[in-house]
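Only one chain is shown below, in structure tokens, and it's the form predicted alone.
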Amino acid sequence: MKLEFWFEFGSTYSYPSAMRIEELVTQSGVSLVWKPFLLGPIFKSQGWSDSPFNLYPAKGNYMWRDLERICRNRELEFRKPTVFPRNGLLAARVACRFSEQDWIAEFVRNVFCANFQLDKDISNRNVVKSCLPLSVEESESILSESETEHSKALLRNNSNMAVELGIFGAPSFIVGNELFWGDDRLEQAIEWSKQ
């Protein structure tokens, strides 16, 4: 069975999931589907003008410390971004348009590393370009394709589908009709997909 990984490049808890999901599903023999989407419209529909981690300081303080612990336990480098949440729109369009390419997993990890390890502005075209594990010419072509109306529509469709599926945060994992939310549910989602 397939496991759909619904993630947002600005999402803190999507970061540790993105860094380990490919290895875990490969070990389990599960098929992985990359599903980038945007949380902004979902938050807006709930009446939030910003990330709930910014709107509710106690929740935000807990999240940053929790993420530090998770990354430390997994020996994963982490630096709190100076801007949160960052705009991952272009990177999401790339990931959506080219989700089935063999380089997509590396690209996704590179973008998360740029944001949560190197504190780079992932809305910057050159930063996104540097995350593509391809030649300069190929990378430029991919970015141009990702800025077309077709690619923009693909990401909008993913974000609309996330709402229809009942997704309210990232990371989320869909297996059949089952929704699993949060990095701490990744292993459970993988086990479910093996049934």
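Here the structure is a predicted model, which means the values were calculated and not measured. Sequential numbering from 1, following the sequence displayed.
Missing here is the form predicted in complex with a further copy of the same chain; even so, the following discussion is about that form.
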**OP:** Quick one: from E138, D66, E147, D50, grab the residue that has a heavy atom within 4.5 Å of a further copy of the same chain in the model of the complex.
**Re:** D66
Original post:
Hey, of 83-91, 120-128, 69-77, 96-104, which bit sits against a further copy of the same chain in the model of the complex at 4.5 Å between non-hydrogen atoms?
Top reply: 69-77
Original post:
Taking heavy atoms and a 4.5 Å cut-off, does E187 contact a further copy of the same chain in the model of the complex?
Top reply: no
Subject >> Residue contact check: L179 to a further copy of the same chain in the model of the complex, 4.5 Å heavy atom >> reply: yes
Original post:
So in the model of the complex, does K152 come within 4.5 Å of a further copy of the same chain, heavy atom to heavy atom?
Top reply: no
Original post:
Looking in the model of the complex, any heavy atom of Q27 within 4.5 Å of a further copy of the same chain?
Top reply: no
Original post:
Which residues in 37-67 have a heavy atom within 4.5 Å of a further copy of the same chain in the model of the complex?
Top reply: Q46, W48, Y56, A58, K59, Y62, R65, D66
